[in-house]
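Shown below, as structure tokens, is a lone chain in the form predicted on its own; questions about how it binds or moves come after it.
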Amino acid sequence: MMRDRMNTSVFDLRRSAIREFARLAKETPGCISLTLGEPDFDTPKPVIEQAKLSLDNHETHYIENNGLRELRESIAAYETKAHGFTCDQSQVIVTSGATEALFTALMGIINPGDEVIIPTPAFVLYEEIIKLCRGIPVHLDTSKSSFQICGKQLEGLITDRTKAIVLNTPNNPTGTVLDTESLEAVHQAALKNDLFVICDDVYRQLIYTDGYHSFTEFTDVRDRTILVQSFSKPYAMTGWRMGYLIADVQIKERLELIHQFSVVSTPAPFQKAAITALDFDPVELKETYVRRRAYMLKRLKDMGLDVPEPQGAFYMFPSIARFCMDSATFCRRMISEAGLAATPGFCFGSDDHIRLTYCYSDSQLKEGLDRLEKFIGMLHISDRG
């Protein structure tokens, strides 16, 4: 059989439910989709103009595997100045989005049978990459602790095979920002057990609360901290597939070989455009998301849905537990009966929730929420009947 001739780990992978339900929405005439984390803004004009200029200047040839040195220096300077993450260009790899950065980092540290702790709800990508690397995903359920990390619970999951913890704050899908107690719990666990911490901070520039802190602020574990970032979300550059990772030089020198042999390098014409993006202030995006967040949060609460108030990113994660159906069934019915698509919570490890995205136009959000309200009303009528 063909299965016996292939890498067995590929048969453990799941297709992205996010993409699956986005596809179902497209195939359903008139359906409103609030599924993908795709900003409705255009990439900033100066970024586009710089890419055009690079093409006009014939900057279309091979570059250094880790990215243009000028871009790496700009990234290091940006992280040092903007976020206090003191680093040097020698620690930077420019990657094909955060996805490749995560894959490179996990592939570089996981041996077969190693365990990686994932606080859930979480983006499905982490689990699938870990399995592909022949590691074992270990889920830390945060749903009972307001989506924060409990130190005692974390310690209870650590074994002699635990290799790393993946942190995503602000979180996709909840929008939750990890508090100082959560970060300190991970810090102590990393110190005590010599663990890697992979910081997926791709929504860091989309924060709507004061007092945000990143795990990267702990200087005594820098040698085992890997920062993953992306140009996609804050600069509306999802299709450009540009991101980066920053790690201790000794680790980075090994990770860059994985990067070299998987993608060679990111596109040459986008290097200087990415430098331009780092100078762009996404304040307009943030102000729009703040307004849309307030609107969606009020609408969902007026519908009687239990939803945590997101402190960053552009997602809402309302509970559907009271409707007594799994999230896939709920979302499929909502597409067919109400013409609205959301992402089922099961793909984030929380089957009694759905994810709605508010990076869509005001009119699309209003219509989508109107349809959600009508759908919920039909469910209530059905329950009473």
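Remember, predicted model here, so these are calculated numbers, not experimental data. From 1 onward, residues are counted along the sequence shown.
We do not show the form predicted in complex with a small molecule, though everything after this point is about it.
Would you classify G97 as touching the small molecule in the predicted complex, given a 4.5 Å non-hydrogen atom cut-off? Yes.
Classify S232 as contacting or not contacting the small molecule in the predicted complex by the rule of any non-hydrogen atom within 4.5 angstroms, answering yes or no. It does: once the small molecule is placed as it appears in the predicted complex, S232 has a heavy atom within 4.5 Å of it.
Exercise: V202 in contact with the small molecule in the predicted complex, heavy atom 4.5 Å: Residue-level check for V202: yes, a contact with the small molecule.
Counting only non-hydrogen atoms and a 4.5 angstroms cut-off, does F218 reach the small molecule in the predicted complex? Contact check for F218: no, nothing within 4.5 Å of the small molecule in the predicted complex.
Which of 224 to 232, 276 to 284, 303 to 311, 75 to 83 lines the interface with the small molecule in the predicted complex (heavy atom within 4.5 Å): Careful reading of the contacts points to 224 to 232.
So, a 4.5 angstroms cut-off on heavy atom distances: do all three of L102, Y126 and N168 pass it with respect to the small molecule in the predicted complex? Yes.
So which of Q91, T266, S182, N172 reaches within 4.5 angstroms of the small molecule in the predicted complex, heavy atom to heavy atom? Checking each option against the small molecule in the predicted complex, the one that comes within 4.5 Å is N172.
Answer option from K163, K272, R292, R241, heavy atom within 4.5 Å of the small molecule in the predicted complex: Among K163, K272, R292, R241, a heavy atom within 4.5 Å of the small molecule in the predicted complex occurs only for R241.
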